[in-house]
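First, one chain by itself: the form predicted alone, in C-alpha cells.
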Amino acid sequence: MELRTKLLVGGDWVDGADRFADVNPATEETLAQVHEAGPDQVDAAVRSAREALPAWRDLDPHARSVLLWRLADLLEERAAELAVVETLDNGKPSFESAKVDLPSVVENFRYYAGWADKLGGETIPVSGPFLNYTLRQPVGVVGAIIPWNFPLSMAAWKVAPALACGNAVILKPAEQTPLTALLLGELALEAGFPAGVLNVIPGRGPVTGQALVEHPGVDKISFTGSVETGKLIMREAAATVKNVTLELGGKSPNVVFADADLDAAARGATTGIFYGKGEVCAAGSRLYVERSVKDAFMEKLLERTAKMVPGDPTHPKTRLGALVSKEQRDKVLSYIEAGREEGATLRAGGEAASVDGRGYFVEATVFDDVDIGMKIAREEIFGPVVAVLEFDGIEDAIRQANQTIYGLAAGVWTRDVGKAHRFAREVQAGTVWVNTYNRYDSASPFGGVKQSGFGRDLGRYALEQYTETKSVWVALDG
C-alpha cells in the first residue's frame, strides 16, 4: 500500500505549511516526511467541510449507510496492508494490528452503517392542542482529534458515528502516527464519499490541533488523549462555545479478591497492563490483590510477565512491541526510576531494551510493595509498568480503587456474584470488567468520569454526541 503524506482537504491531496518526520519506533528509521496543516490549511478544511455539509446532512440516510458499508468492505479488503502500516507507525505487535485492531475497525464502520438510516425522533404528549415531536439532527462540522496508541481504531470510533449522523468530519491524527488515518481518507474517496465530507489533516497539537479547536467554523470537538490537553481544549473551545466530548487518561484499578480464579486473574492482569505495551488509556496499571492471596498471585503474575519479552513488532509471535517514540520511552523510564526512589520493590523488568540495538523498547515491569501515595500509583505512566498494592476486604478495595482523580475503567476478579455487582456499582469508572479485562465492542459504550472525561464513544450512546435534539410544536386548533 502506497503511503499518503499530504493533507486530504476537500477531496484533494494538498501540501501542508510544513513537514515532519514520521519515525518507526522499532527501528528509529524515518518512514515518511508528512505534511503538516497550518492555520491556512485548517481553514481550507473547515470551509470544504461546511460546503459539503448541507448535501451530506440532507442525503437519504440509506445512501449514507451504503457508503459506510462500502468503506468497511474496502477496509476489510486492505486490512493486511493497513495492519502492516499500523505496526510500522506505532510499534505495536503485528498480532494486535492484524487480529484485533483491523477487525474492530471494520466492525465499527459496519455497526454505524446500520444506524445511519435508523436515527429518529419521537412524538411527545404535551398539554393543549399541539403536536410536539423531536428531530435528531447532525451537530455540523466535527473536529476529531485522536491519539497515537490506537490510530485507526480511534479514528473509526469517531469518524463512523459522526458520518452516520450526517456530520462532516475533519480528522486530525496524532503527529506520531498519521499514516493509517491518511489511508482511511484515501479509502473514503474510493468508496465514493463526497469531497469535503471527510478531511484528514495531520500536524502537531500546538499548530494543527489548536487551529482546529479555535476555528469558529467547527461546531464540535471530539478528543481522545491526555488530561492536560483535554483541559486546554475545554478552555480554548469556550471562546466559541463549542460542543466538546473528551475521553482522557486513566489509572484504572484491577482488583483481585481472594476467592478469584487466580490463574485467570493473573492472565487478565497481564493482558490488562502489557497489551498495547501499556499504552492504553484503560490499562489496569493499579493492580490490587487481597492480602491473603498476595504471595500466591504474585508468583503467577511474575511467571507470565517473564514471557512478555520485547521483540520485533513485525514478527507474528511478538507480544510486547516498541513504545511509540523516544519521548514516550524516556517518560516511562523516568516513572520507573521514581518507583525505585520512592521505595517500591522492583520484581520484574525496569530497563530499556532494544532489538538489534535499535528501538524504543521497555521491559515488562512489575513493582510490588507500592503505596497509594507513590507517583507510580497516582499518575498515568502509559507504558508496560504495573504497580501492585494490597487490600483487605471489599470496603477497603472500593475505597482504594476510588482514591484517584481518574475514572475510566476498572476490573474485578471474584467468584462471588454479589461482591462483583457491588464493586461494579460503587467503583467510580465508566467501564467495569468482571472476570475479564480490556474487552470492547462497537455496541457497548466507552468513556470516563471524573478527570477521565465526559461523553461516550461506541454504541448508540455515541450517536447522542454527534446529534442535536430539536423540539417542534405544531398548533392543532387552527
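This one's a predicted model, so the numbers in the text were calculated from it and none came from an experiment. Position 1 is the first residue in the sequence shown; the rest follow in order.
Absent from the display: the form predicted together with a small molecule. The rest refers to it.
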Would residue 331 count as touching the small molecule in the predicted complex under a 4.5 Å heavy atom rule? yes
4.5 Å heavy atom contact, residue 137 to the small molecule in the predicted complex: no
Check whether residue 168 has any heavy atom within 4.5 Å of a heavy atom of the small molecule in the predicted complex, and answer yes or no. no
Residue-level question: is residue 175 within 4.5 Å of the small molecule in the predicted complex, judged on heavy atoms? yes
Among 206, 225 and 380, does every residue place a heavy atom within 4.5 Å of the small molecule in the predicted complex? yes
Only one of 376, 145, 179, 72 has a non-hydrogen atom within 4.5 angstroms of the small molecule in the predicted complex; which is it? 145
Interface check vs the small molecule in the predicted complex: of 339, 359, 249, 268, the one with a heavy atom inside 4.5 Å is 249
Counting only non-hydrogen atoms, which stretch in 395-403, 299-307, 210-218, 158-166 is within 4.5 Å of the small molecule in the predicted complex? 210-218
